[in-house]
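Take a look at this single chain in structure tokens; it is the form predicted on its own.
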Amino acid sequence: MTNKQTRQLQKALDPEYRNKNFEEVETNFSKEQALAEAERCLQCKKPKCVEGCPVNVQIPEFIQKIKEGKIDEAGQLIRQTNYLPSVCGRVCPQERQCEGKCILGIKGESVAIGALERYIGDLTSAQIEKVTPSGKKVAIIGSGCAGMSAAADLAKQGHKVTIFEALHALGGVLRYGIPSFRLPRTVLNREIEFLKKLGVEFETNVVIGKSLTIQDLFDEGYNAVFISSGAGLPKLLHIDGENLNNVYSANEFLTRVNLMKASGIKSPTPIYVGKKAVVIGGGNVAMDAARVAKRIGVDEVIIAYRRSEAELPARKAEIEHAKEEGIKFLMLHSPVKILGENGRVAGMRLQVMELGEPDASGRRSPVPVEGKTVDIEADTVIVALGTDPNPIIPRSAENLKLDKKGYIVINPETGETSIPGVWAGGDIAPTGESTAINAMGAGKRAAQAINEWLYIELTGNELGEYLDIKELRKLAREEYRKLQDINVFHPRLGEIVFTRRGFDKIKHTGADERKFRLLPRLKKIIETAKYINKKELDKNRLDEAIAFHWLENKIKLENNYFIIGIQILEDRRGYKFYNLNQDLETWHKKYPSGSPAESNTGSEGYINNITDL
């Protein structure tokens, strides 16, 4: 069977060539490889891969488009939920997310979802759509994954978005943290240019908390603020010798090389790395630091990690590439002292470890082997143990609640902070693994919540405070009885026929006709409206309730909007899609034929995880 074909592999540059330069290590799939890999997808009815993706990319659907040769449509499908496919396809830990859930991976090799996503991302571009300005302004602090994702979604809603970046270059950790041999700067620059075309504005060299405060942003007319500044404060070893020259945090080391070009001969801020470097840590940042050190002239690079290789948290591909490039791994060793000579690093003393019982992360805890240490020579030490939140922003924001570690406390479903009008997401307010795609998910959730907040400001309506559920149910039934057959056009779905029994979708390429009973769905929509103003609000129902609230107001004010105008469709992710149609009289005045070439019948959005509609 075709789905049992061997997984396609991306071609990689020769290790002895690539470990001396910053050219991208892996090439993209060829057309033939992409088609062959797409054929392996089983097109599961309940795709586990989608569940494994933090932003729920429509994976089977976009892979099916590849098989059909519809590359642009595949790109559109991905970008519905993932604004950065070229980035995520390169740097996301797919083996722990989408590919880790792939059914084929149970007894064999999973589909190369990341490589296919990169393939499509590189071949397609995001579409620019005209939007109606809302008159509202949103300030976003930080231009990394969370900030860019939120900016894209908010700009598409018509809000004026400005991103404030502390550094002189945009992209956050994607630019200063991830080396160009993993993420070419042309890829990152293209995504930033798209944001600019959407109307997003950027201000660099602005440190919020120093240059401006959050209150200053509100005073300047911003209606909402999203904090996505990352966690840029490096964790330290707290051992003797850490203050010696040539001890670097991975943050400093990578930023100086990636952003400031400190390894260049003519650099105004040159970096000294010597001939033998030890990198402490086992994550992606440790792999990046080790591989960068090798490329800028270090003869021998050792990664020292306190657990075994099986517990390394880095992407498998990065570990394999590091080994191929000559990086050595010293497992079950933990630093206890940095040895020095004349104020500079001369070596390191390491405690030999063994694995004990699993800790809270599920990995076996390293335990010291009593009385057993080793000394190794080194002239550079790079510490890659993760980061802590930088306190600059929190210190400048009165009443911003933090946890014990200094991270911003948020509602994990919405990103709301303790300050009204302020949201946070990404590494400054973590809700999961520190990855690009998780940060994007945080940005999208916050953007949805901010948009809802601005909706209330725009309309002046306090959602749900005056809704009379019994009255609305009665009104729905009355409007339903009045309904006559309507033939309308929807740009995505084609011709739609509304009837008292439901509606048929016709003239829609590749889809069977389907009938929907609408009245039971209307009852469900009405019931969900009562959740609106509760503190324990189920945010998964909010889109649906806002949609109903909007339509209910139209009925009260003008009495010629049909409640039946809510369409509810289900896509393969299990999401419900709704569309609010214009009233019949206005529709026919504007489009006498009933089928305009290009039109939008109303407000559109997704209703997440609503069942039994």
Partner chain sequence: MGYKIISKTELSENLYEIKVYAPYVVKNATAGQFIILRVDEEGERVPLTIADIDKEKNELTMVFMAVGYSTKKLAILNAGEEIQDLAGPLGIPTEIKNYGTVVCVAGGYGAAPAYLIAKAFKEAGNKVYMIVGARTAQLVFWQDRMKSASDKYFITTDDGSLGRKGFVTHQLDELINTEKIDHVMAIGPVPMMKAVAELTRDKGIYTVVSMNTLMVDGTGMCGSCRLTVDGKVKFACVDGPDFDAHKVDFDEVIRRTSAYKDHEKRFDEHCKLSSFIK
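From a predicted model like this one, the values you see are computed outputs, not experimental measurements. Positions refer to the first chain, counted from 1.
As for the form predicted together with its partner chain, it is not shown, yet the points below apply to it.
Here the chain stands alone, but in the predicted bound form its contact with its partner chain, taken as any heavy atom within 4.5 Å, falls in 338-346 among 338-346, 286-294, 97-105, 423-431. Relative to its partner chain in the predicted bound form, residues S365, Y407 and N411 are all farther than 4.5 Å at every heavy atom. In terms of contact with its partner chain in the predicted bound form, the residue from G135, P358, G326, P270 that brings a heavy atom within 4.5 Å is P270. Contact with its partner chain in the predicted bound form, defined as a heavy atom within 4.5 Å, holds for exactly one of S110, T435, T213, Q157, namely T213. Contact check for Y176: a non-hydrogen atom falls within 4.5 Å of its partner chain in the predicted bound form. Not displayed here, its partner chain is approached by Y248 to within 4.5 Å at the level of heavy atoms in the predicted bound form. At a distance threshold of 4.5 angstroms between non-hydrogen atoms, E242 is in contact with its partner chain in the predicted bound form. At a distance threshold of 4.5 angstroms between non-hydrogen atoms, E201 is out of contact with its partner chain in the predicted bound form. Looking at 145-183, the residues that come within 4.5 Å of its partner chain in the predicted bound form, counting any heavy atom, are F164, A166, L167, H168, Y176.
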